[in-house]
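Just one chain is shown here, as structure tokens, and it is the form predicted on its own.
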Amino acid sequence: MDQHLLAYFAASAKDIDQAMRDNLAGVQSPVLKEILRHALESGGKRIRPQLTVLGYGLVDAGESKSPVQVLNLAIVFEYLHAASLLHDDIIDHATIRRGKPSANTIWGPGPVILAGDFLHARALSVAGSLCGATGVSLVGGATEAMVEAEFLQADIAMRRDLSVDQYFEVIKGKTGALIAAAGEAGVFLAGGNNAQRRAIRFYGEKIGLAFQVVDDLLDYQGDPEVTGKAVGNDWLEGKMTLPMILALMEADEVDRPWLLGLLSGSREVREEQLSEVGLKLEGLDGFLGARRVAQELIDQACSALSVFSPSREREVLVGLAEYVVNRKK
């Protein structure tokens, strides 16, 4: 991401952070306040709420709604994202989140589940107050998609014949749905028409899918000093991510049973073979194939923006798409 885009996102992220602090100022419980602060003040570029602000700017110059209302709608999607991470860490028994102890290791699962529920409820309340039934529908639809995707992922977790289509069905719900809803909410608030709402939703969904594909790549190829995550977590957990799915499609009668045998074996054995598996996936074009898929998704996303007039917001969204596919963490 170039310096101009970094500066844009940094400035906008400060506004989003302030909007969250203002919105949560009335929370009375000290413990709830601490959990929310832990979950929400972890930094980052605030991609989801940024999409709401950018979606609004694609359509409206800022006259129909005050900036405060746009920012308040934007934080809805950071609340939903943070709530999903709180609940995910409990489900996964995670102890680290973004280089810090996960909330559940500090406060235990009960208070953290309730904090996630609070964020879901606050998101629905804010979205409904600003966008009426449409706002509630966008939040509810994204949440339903994320939850169902978790169940679908659990259903197919141990399958070793997972297809590319099935893989994308899961991540469409887990990652794409919330990003798509965030952009659509901004366009709706600005009075965008149905074609514009469909376009930004398509854009958001595609960059969400690309984001997850790049996450899959970083799990094998990322620098732990940059990503803050150990290499090979997905492989060690026996997960079928896109590089593995694509590699298995190209594997011969020797490599395929070897890879599948490791996936079905013990974590200790997978850990011992991690480096060799990485070399095998590279040789079978698992990494290159996944990188091509991510770029195709980004190209499709950017093409959808043609329904909007040229603007700074559209340029930023194109830049964001390129950041997603080229990011290192």
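As the structure is a computational prediction, the values presented were derived from the model and not from experiment. So that there is no doubt, residue numbering starts at 1 and follows the sequence shown.
Although not depicted, the form predicted together with another copy of the chain is the subject of the following passage.
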Margin query: Whether A121 contacts another copy of the chain in the predicted complex should be assessed with a 4.5 Å heavy atom distance threshold; does it?
Written below: yes
Check: K174 near another copy of the chain in the predicted complex, any heavy atom under 4.5 Å?
Finding: no
Check: I245: heavy atom within 4.5 Å of another copy of the chain in the predicted complex?
Finding: no
Note to self: Even though the partner isn't displayed, in the predicted complex is G141 close enough to another copy of the chain, meaning a heavy atom within 4.5 Å?
What the structure shows: yes
Next item on the list: Name the single residue among S163, S129, T95, N193 that comes within 4.5 Å of another copy of the chain in the predicted complex, judging by heavy atoms.
Entry: S129
Note to self: If the cut-off is 4.5 angstroms on heavy atoms, which of these, V293, L32, C302, L40, is the one near another copy of the chain in the predicted complex?
What the structure shows: L32
Item checked: in the predicted complex, segment of 20-28, 6-14, 303-311, 317-325 with a heavy atom within 4.5 Å of another copy of the chain -> 20-28
Checklist line | Non-hydrogen atom within 4.5 Å of another copy of the chain in the predicted complex for each of L217, K229 and F287 | finding: no
Item checked: Sequence-ordered list of residues in 141-171 near another copy of the chain in the predicted complex, where near means a heavy atom within 4.5 Å -> G141, T143, E144, V147, E148, E150, F151, D155
